[in-house]
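What follows is one chain in structure tokens, specifically the form predicted alone.
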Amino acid sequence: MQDESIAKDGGASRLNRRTLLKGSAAAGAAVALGPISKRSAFAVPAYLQGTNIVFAITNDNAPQVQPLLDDYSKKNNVSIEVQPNPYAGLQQKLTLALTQGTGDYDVVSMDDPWMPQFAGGKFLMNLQDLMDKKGIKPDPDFIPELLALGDFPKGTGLRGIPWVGNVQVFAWRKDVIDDLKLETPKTWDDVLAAAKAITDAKSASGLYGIGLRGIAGNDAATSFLPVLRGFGTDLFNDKWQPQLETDAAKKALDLQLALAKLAPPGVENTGHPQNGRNMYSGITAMSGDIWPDQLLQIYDPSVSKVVGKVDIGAEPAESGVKPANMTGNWLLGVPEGSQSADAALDFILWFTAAEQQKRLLMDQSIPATRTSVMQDQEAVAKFPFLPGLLAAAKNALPRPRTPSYNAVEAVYGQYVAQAIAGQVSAADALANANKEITDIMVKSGELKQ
């Protein structure tokens, strides 16, 4: 069936409904859109015909999205040139291409901590401006906390639209907690007590109380940040002054080091894949650093020994501190310098529509960023953890929204790892990290002295 919303006027194309955005002529209320994939070849806008879209994405995601790219290309007479890179390589190439305005890419996939650098520097086109010209507004079906990641600086308009709904969660073995007659932990002190009880009772049989990451950099940093926040502080205050030499930070790192002693041996060499394997293979009973890709393994009977035994929820927080999960979304944007901006936007809106989001979830186990997909009955039947993941997404915070975050993460991730490995004391780790991060923020001009 042809999409009736596509009309041509004097050679120019109008888009009314072919969007992640919806409109009701009667009351301005959101209504479901007919997917672009159903429009006939005769309805394809002129600006799409024969267009080449260059798409930068990670090596891991490239094969997962290829079936969708093939469908879009065929239906729209568009060629999509995929340029896959490993995570670090993609970040480096995007940094060069976007800051130099090379026009090498038309669509780019970005980790949400990169958004302050790329969007803050106005290296990405303002998608909101492009959409305003077509009379379309943000779709309320997107989980608001995830869609907001593309609006940076806040209130300046969307420069990225989320397509991977990663959210960090706290996960625990219900059967182990019940067997030892423990309460489900609510605070990090509860987690420590439960981890000790589990390790004391079960380590002889190969089960440890907690799992975390200790490799320097992103791994150690990502495992530590929810603990730091759970003690009521963050990496920075509202003036961008580092907060790692505070009482709360000291308590948080002391607890993280105590947890590390209750984790499986080799925690200093444990990264993201191993932390997930430890949970689904029955080696760890809890972790505050579990992500959707690991949940999918935990619920996969072909690899998991704990199917149906794991529950998830908000990250623990000390008394008086509001619990919060952490985002790890990927977003799509259009670099400044793209010569195919209209086509790139058309593709992004199609790709992030509910139909494609559900297909990615069901076929490729990529978590959605739309409420309707996360609540879809068929999807929930296949992935029972989706309601918990949706609740976590609605209570999620991003990492500090500074263009300097990657440099900051490298510093505190290094010192936390060194403390876990026993190479430096907790006090020295925090003092050194605080000083080096202060220097970074002063040099960037974000912190005034």
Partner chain sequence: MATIGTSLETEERELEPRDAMAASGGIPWWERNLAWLLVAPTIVLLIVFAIVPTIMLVRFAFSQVLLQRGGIKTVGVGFDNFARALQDPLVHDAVGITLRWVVVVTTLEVLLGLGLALLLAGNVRGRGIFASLLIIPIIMPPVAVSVAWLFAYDYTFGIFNYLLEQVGLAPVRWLSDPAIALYSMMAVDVWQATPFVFLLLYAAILSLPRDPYEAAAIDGAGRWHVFRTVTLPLLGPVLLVVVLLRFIDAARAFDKIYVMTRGGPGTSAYTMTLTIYNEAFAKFDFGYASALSFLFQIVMIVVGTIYVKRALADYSAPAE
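Residue numbers count along the first chain shown, from 1. These numbers come from a predicted model, not from an experiment.
What comes next is about the form predicted together with the partner chain, which is not displayed.
Asks: Of 105-113, 77-85, 210-218, 291-299, which is the one stretch near the partner chain in the model of the complex, taking non-hydrogen atoms within 4.5 angstroms as near?
Replies: Going through the listed ranges, the match is 210-218.
Asks: Counting only non-hydrogen atoms and a 4.5 angstroms cut-off, does Leu96 reach the partner chain in the model of the complex?
Replies: Yes, Leu96 lies within 4.5 Å of the partner chain in the model of the complex.
Asks: Examine Gln49 and determine whether its closest non-hydrogen atom to the partner chain in the model of the complex is within 4.5 angstroms.
Replies: It does not: once the partner chain is placed as it appears in the model of the complex, Gln49 has no heavy atom within 4.5 Å of it.
Asks: In the model of the complex, is there a heavy atom of the partner chain that lies within 4.5 Å of any heavy atom of Gln423, even though the partner is absent here?
Replies: Output for Gln423 is yes: heavy atoms within 4.5 Å of the partner chain.
Asks: Please run the contact check for Gln100 against the partner chain in the model of the complex: heavy atoms, 4.5 angstroms, yes or no?
Replies: So Gln100 counts as contacting the partner chain.
Asks: Pick from Ala407, Val380, Leu397, Ala391: which has a non-hydrogen atom within 4.5 Å of the partner chain in the model of the complex?
Replies: Of Ala407, Val380, Leu397, Ala391, the residue with a heavy atom within 4.5 Å of the partner chain in the model of the complex is Ala407.
Asks: Among the candidate residues Val54, Ile57, Val411, Leu69, which is the single one with a non-hydrogen atom no more than 4.5 Å from the partner chain in the model of the complex?
Replies: Exactly one listed residue reaches within 4.5 Å, namely Val411.
Asks: Checking a candidate spot here: are Gly121, Gly266 and Gln418 all in contact with the partner chain in the model of the complex (at least one heavy atom each within 4.5 Å)?
Replies: Checked in the model of the complex: all three residues contact the partner chain.
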